[in-house]
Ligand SMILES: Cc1cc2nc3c(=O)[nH]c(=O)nc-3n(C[C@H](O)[C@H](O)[C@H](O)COP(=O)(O)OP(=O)(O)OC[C@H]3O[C@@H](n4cnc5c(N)ncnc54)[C@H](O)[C@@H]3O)c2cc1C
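In structure tokens, the next block holds one chain alone, the form predicted alone.
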């Protein structure tokens, strides 16, 4: 690449980086010279992004599947088919997202793509194994990552292994997904199975853990095998695809750099919701606001809602210190509230009054203790 200078550089062309490119291309800033750098070509289906929303998505035409109902299997013998009400639960495959966004951006000659390994982002410069590139205005950095090891904060991981399986017989109801199935050994952690059926004989089945430690790959696979055989009573199937992920669930602050011309986005910018690991919807919300600021010639500011972050910290405290079993916490939430209210709460769309209404339905003693512990921890 002969050009070494651009108006904007997006360091990292994953979901956050390409989403930013998408919104810039839809805005009055589409005439800016923009470079997107990533080490991968983004030609494989390496992720699945799911979210719930009321209405249409900006990426509605590439929604792979959506559902209006979901199963919840928890403690207290609570197993029910619940309704999303005004929401829909939507799934986007990474390969569809990559191809859709890249095809849009490639129609604009002001966007350039570079496949390269990034070594550093500093002083308005991105250093790669294919040279150094300078931003005249801003660098948007989703490359830099935290260690998530500061003992002053709560640092856990959402880690999972998923199989897309195809069965010989029709065993799935493609209209009913499973959001949580806690009917597996918890091992003093938060463990559940998540099922997205694509058809009567094809589904994504994912074994997920919220914990502060990782396990060997064989253990994920063994838990999936047992669940498919024992719980679903499926013996004849083939694994079509596999996906593995590790997502931070942390209340450690994601501070921006001292250089106001470098803006961290995505996981680097703290776009992942600490208490759930979901990021797609919040990423779109934050990036649209960022582009609006740029259009107004304002310095972009990625604000985090302190009250919502505090609520996340309280739940993380309950998880990390094992103050109460998390499968029972989620059971209380979905048993004592309409599903749509819980989802609205988790989406951070609730008012303060609604927050308190939902909070009253969790086990009060452990959460009250966690609330005070979290305050004292933050003060210290």
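Note that the coordinates shown come from a computational prediction; the quantities given were computed from them, not determined experimentally. Numbering follows the first chain given and starts at 1.
Below: the form predicted together with this ligand, not depicted.
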Next item on the list: Report whether the minimum heavy atom distance between residue 118 and this ligand in the predicted complex is within 4.5 Å.
Entry: yes
Check: Can any non-hydrogen atom of residue 46 be found within 4.5 angstroms of this ligand in the predicted complex?
Finding: yes
Next item on the list: Report yes if any heavy atom of residue 16 sits within 4.5 Å of a heavy atom of this ligand in the predicted complex; otherwise report no.
Entry: yes
Margin query: I'd like to know if residue 335 sits close to this ligand in the predicted complex, meaning any non-hydrogen atom pair within 4.5 angstroms.
Written below: no
Notebook entry, point to check: Just one of 250, 178, 223, 279 has a heavy atom within 4.5 angstroms of this ligand in the predicted complex, so which one?
Noted result: 279
Item checked: Among the candidates 111, 192, 160, 133, the residue which, in the predicted complex, approaches this ligand to within 4.5 Å (heavy atoms) -> 160
Notebook entry, point to check: Taking 12, 42 and 142 as the candidate spot, are all three within 4.5 angstroms of this ligand in the predicted complex by heavy atoms?
Noted result: yes
Checklist line | Residue stretch of 164 to 172, 228 to 236, 70 to 78, 279 to 287 approaching this ligand in the predicted complex, non-hydrogen atom distance within 4.5 Å | finding: 279 to 287
